[in-house]
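Just one chain follows, in the form predicted on its own, and it is written as structure tokens.
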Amino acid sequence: MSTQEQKNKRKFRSAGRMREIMTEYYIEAKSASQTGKPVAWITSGGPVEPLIVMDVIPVYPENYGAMIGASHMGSDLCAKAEAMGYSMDLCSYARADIACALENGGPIGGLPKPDMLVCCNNICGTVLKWYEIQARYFNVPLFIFDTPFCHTGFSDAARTYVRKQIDEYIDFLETVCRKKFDLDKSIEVGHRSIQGQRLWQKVLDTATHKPSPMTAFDAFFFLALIVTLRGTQTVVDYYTELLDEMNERIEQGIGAIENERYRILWDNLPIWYRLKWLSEKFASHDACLVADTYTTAWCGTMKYIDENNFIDSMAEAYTRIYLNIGVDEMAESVLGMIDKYEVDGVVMHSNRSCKPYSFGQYDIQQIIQKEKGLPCMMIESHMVDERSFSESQVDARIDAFMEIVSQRK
């Protein structure tokens, strides 16, 4: 079989359907002013299910930031934000989004104007000021969903505090949308949300097979639906089909890369503008990135959800997400993934755009090396701003890292 035939065999047929769904989603969002559906901008870790219940179209500036990065438009937009007075140390998602809003720029001609903003600080503190800026610019109401940081657990006081905000959130939506919240519908949405998350975890779990039918780079692409349309039947149907395809690949012995010898774990957000380069670079060393902490985080809180009491259990689930827990618990999660996917090394993206994700990495690295003795490497960059990425430096580091991995193997 020729090299091109092998590449074609490894292509995912589900990728085309994914693009169709996302295109339909953005068309619906962009035409919302004609259809009368309200649009809410919401942070990636925010509670989206109540929006689905209220027939509000959720739009994610962070998802859009990933599109900007993948389209190689990040550097220009970030520079424009800096010219407005924003620091280049600010999150590149925020800088790109702020610049896009002013000139209606970026991929697909910018995001649709929001009717409301929903900001949950379980991912970082930057989103608070970012969404305040956008609420003033668009002159729309803003709801802030405040989640206390879970250093060592989830106290009863925290549970009460966050649960009360869910009621306030529902009141906010009823006021803006001018209709009552449908509790019966919320039960259905909650079930679909959990079903979608379970299917997504099963898709990720197929990477435990050797050779892995997918890479973390594939997971970065397929992640979009569980973020954007969580709680809808579309997600359930799509991930059911994707899981079937993954299982078919396993049965047919189709690996994500041509010759998997080494299995690597990725930590932190992707470097969106270098996905293809990084994928090919690791594959040239016969290394498959079989798992990552980022895509796994979207189903990591299922254990806190009570399917029969979704609204109440949302409080703990949305508070105890991966970025809102202590370093020790983060490290425990990473160690579990190392065992589960039988990895040979860990690559950490020290992401200057996402400080909550990056600050504890050196501590986690030390724990990994102490507990598992695995080699780790750091890549310094922003996830969207290409000006911070040194290809020659990263290239040399990966070569050195893989040499260590191969010697240990």
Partner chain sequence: MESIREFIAASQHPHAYARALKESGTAIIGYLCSYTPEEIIHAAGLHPMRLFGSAEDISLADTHLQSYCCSLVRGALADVLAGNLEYLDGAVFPHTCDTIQRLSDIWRLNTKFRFFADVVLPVKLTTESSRAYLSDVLKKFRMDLEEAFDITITNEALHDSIQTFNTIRDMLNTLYEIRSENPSKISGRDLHGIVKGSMIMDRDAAAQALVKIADELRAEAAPPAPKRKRVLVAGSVCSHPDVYTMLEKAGAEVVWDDLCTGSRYFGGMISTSGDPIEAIAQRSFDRLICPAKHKSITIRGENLVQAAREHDARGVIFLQLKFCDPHSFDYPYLKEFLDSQHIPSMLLEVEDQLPGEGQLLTRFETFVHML
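Numbering follows the first chain given and starts at 1. Everything quoted here is computed from the prediction, not taken from an experiment.
The discussion below concerns the form predicted together with the partner chain, not included here.
- Of the stretches 194-202, 222-230, 87-95, 179-187, only 87-95 has residues with a heavy atom within 4.5 Å of the partner chain in the predicted bound form.
- For the options 136, 276, 261, 210, the residue carrying a heavy atom within 4.5 angstroms of the partner chain in the predicted bound form is 136.
- Of the residues 144, 250, 297, 337, just one reaches the partner chain in the predicted bound form with a heavy atom at 4.5 Å or closer; this is 144.
- When contacts are judged by a 4.5 Å heavy atom cut-off, residue 33 does not count as touching the partner chain in the predicted bound form.
- Taking the partner from the other structure, the partner chain in the predicted bound form has a heavy atom within 4.5 Å of a heavy atom of residue 326.
- The partner chain in the predicted bound form comes within 4.5 Å of a heavy atom belonging to residue 351.
- Within this chain, residue 132 lines the site of the partner chain in the predicted bound form, having a heavy atom no more than 4.5 Å away.
- Shown here without the partner chain, the chain has no residue in 385-403 lying with a heavy atom within 4.5 Å of that partner in the predicted bound form.
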